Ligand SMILES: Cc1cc2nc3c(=O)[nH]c(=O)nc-3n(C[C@H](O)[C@H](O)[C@H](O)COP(=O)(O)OP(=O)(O)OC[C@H]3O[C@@H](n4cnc5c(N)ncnc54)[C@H](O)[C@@H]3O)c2cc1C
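Take a look at this one chain, the form predicted alone, written out in structure tokens.
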């Protein structure tokens, strides 16, 4: 999954919605994770688990969605103990993600390892240079690195790749390194969010230390997400940023 925070945000917003509608007592919300955690950064995963527990959101781990029967409203999951069926009235699904066909069916993807199956590009995680084709660089979603499939990651990845390309052209060395910086504005309620920033080592790397605490639900983080980042995303989709 490109962003493990996305389905968490959706779950939090859905829970907040039924609370505001006055129907929370009539609603049962369950979250099915395809692995053993809720988020790749342990401290963030634990924070999400605590919030889910406080808001009575049931969590199921190591559940891989295998089939959906829309007529019967039954979802089938593969679990360590075999197949498991789950009834639902409403279901939100995150599909499997992979590299686009143009890259997946080229010589560029990883040949083995954790990023080979989905066809992510084989690049050095620090320089973003292809390990077999040194004149090729990969940034953003396509890069087969441990972190970094967010818009914030691209902002930090692109200058590193460009610095190395310019160094190649000018014949000068470059020491630019991408440290895995990734940002996830985690909406937990309408009007509140956590601004979570981290690197390859799962270290929290806040951009506003002393002002925005990464694991606190804050209104200012919500404003940054909705008033600042959302317009930027839209501009990027329209090719204007």
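Positions refer to the first chain, counted from 1. All of these numbers come straight from a predicted model, not from anything done at the bench.
Another form exists, predicted together with this ligand; not displayed. Remarks below refer to it.
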(request) Tell me the stretch among 42 to 50, 209 to 217, 179 to 187, 23 to 31 that has any heavy atom within 4.5 angstroms of this ligand in the predicted complex. (result) 179 to 187
(message) I need to confirm a contact call. Of 152, 136, 160, 75, which residue comes within 4.5 Å of this ligand in the predicted complex, counting heavy atoms only?
(response) 152
(message) I'd like to check something about residue 102: if you look in the predicted complex, is any of its heavy atoms closer than or equal to 4.5 Å to a heavy atom of this ligand?
(response) yes
(message) Is it the case that residue 6, even though its partner is missing from this view, gets within 4.5 Å of this ligand in the predicted complex, heavy atoms only?
(response) yes
(message) Within 4.5 Å, heavy atoms only: does residue 140 come near this ligand in the predicted complex?
(response) yes
(message) If you apply a 4.5 angstroms heavy atom cut-off, which residues in 188 to 226 are near this ligand in the predicted complex?
(response) 225
